[in-house]
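One chain comes next, on its own, written out as structure tokens in the form predicted on its own.
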């Protein structure tokens, strides 16, 4: 992508009832992120106005910006206005509530999901928020929803993870991988984490029973696992099948590129035998799962790994780093 595609330009007219937000100008032939002054939202009947204290960057933010031209053109049509806001995960304090909201009141500390998270205020649906645990920071809470939904629904619902299973997590220090390692340990699985040399001790500190250095070992040729959770999507379906035990299952949650994702979907459907490779669908932001995530955070069973925090004006740098797939854990955006 051309460097200009990542440029952030400040456009700050003096207006009343406004806020700062990162706006994604989604045009078929160019993408730009701008820090702009936009109208402060007003909550609808079923919405909560949240003053955002922290938000976090997800792989989807980078994928949306780096999408190939045909897909970018399609997204620009499907997503309505060409000017739209990025970000999903939020944590902050309730400023106001709609007339139909019963669970929250002004002053409550909350976390959850809402489109346009890279902004000073957002209007989130009541069903997309939960009370933030008092013993968890805003940054840690903001780092958890999307990766938590993905890991929970991939391991629990798609993978049927259970105590005693031999489980391998590929991409153990990614945001999703970090959550997956800790969640799998909380249910009693025997967890192996795959990472680079510099991150081996970090993976052990998250509770992994075993570690694999991918720069020195090929996990697809050294071991048989009941369940593989691939948070990266950088291996072929055939190679992943090779690492499975009889009647084993591999759930692929991530992808490194759109061509790789499509190739793996096709290849997985062509595989034969009792060792299955399946692709996880896009995670759903369910209130019940948000409450599970809250409990895991509150009980210390999952401790988010945050590599770095960025101010709102440097959101573009955080998205760029996530796009390189070299970030460890999560990158968080904090509001001034």
Ligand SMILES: NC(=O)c1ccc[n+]([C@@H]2O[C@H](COP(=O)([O-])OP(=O)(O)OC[C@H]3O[C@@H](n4cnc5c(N)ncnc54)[C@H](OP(=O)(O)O)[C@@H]3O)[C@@H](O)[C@H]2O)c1
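These figures come from a predicted structure and were not determined experimentally. Positions refer to the first chain, counted from 1.
Heads up, the form predicted in complex with the named molecule isn't pictured, but that's what we're talking about next.
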property: Interface stretch in the model of the complex with the named molecule - options 241-249, 198-206, 108-116, 89-97, non-hydrogen atom within 4.5 Å; result: 198-206
property: Contact residue in the model of the complex, chosen from 140, 152, 189, 146 - any heavy atom within 4.5 Å of the named molecule; result: 146
property: In the model of the complex, the one of 181, 228, 253, 124 near the named molecule [non-hydrogen atom within 4.5 angstroms]; result: 253
property: Triple contact flag 171, 281 and 325 to the named molecule in the model of the complex, non-hydrogen atom at 4.5 angstroms; result: yes
property: Contact test in the model of the complex: residue 287 vs the named molecule, heavy atoms, 4.5 Å; result: no
property: Distance check, residue 104 to the named molecule in the model of the complex, heavy atom within 4.5 Å; result: no
property: Residue 297: touches the named molecule in the model of the complex, heavy atom cutoff 4.5 angstroms; result: no
property: Close approach of residue 63 to the named molecule in the model of the complex, 4.5 Å, heavy atom; result: yes
property: In the model of the complex: members of 94-126 within 4.5 Å of the named molecule, any heavy atom; result: none
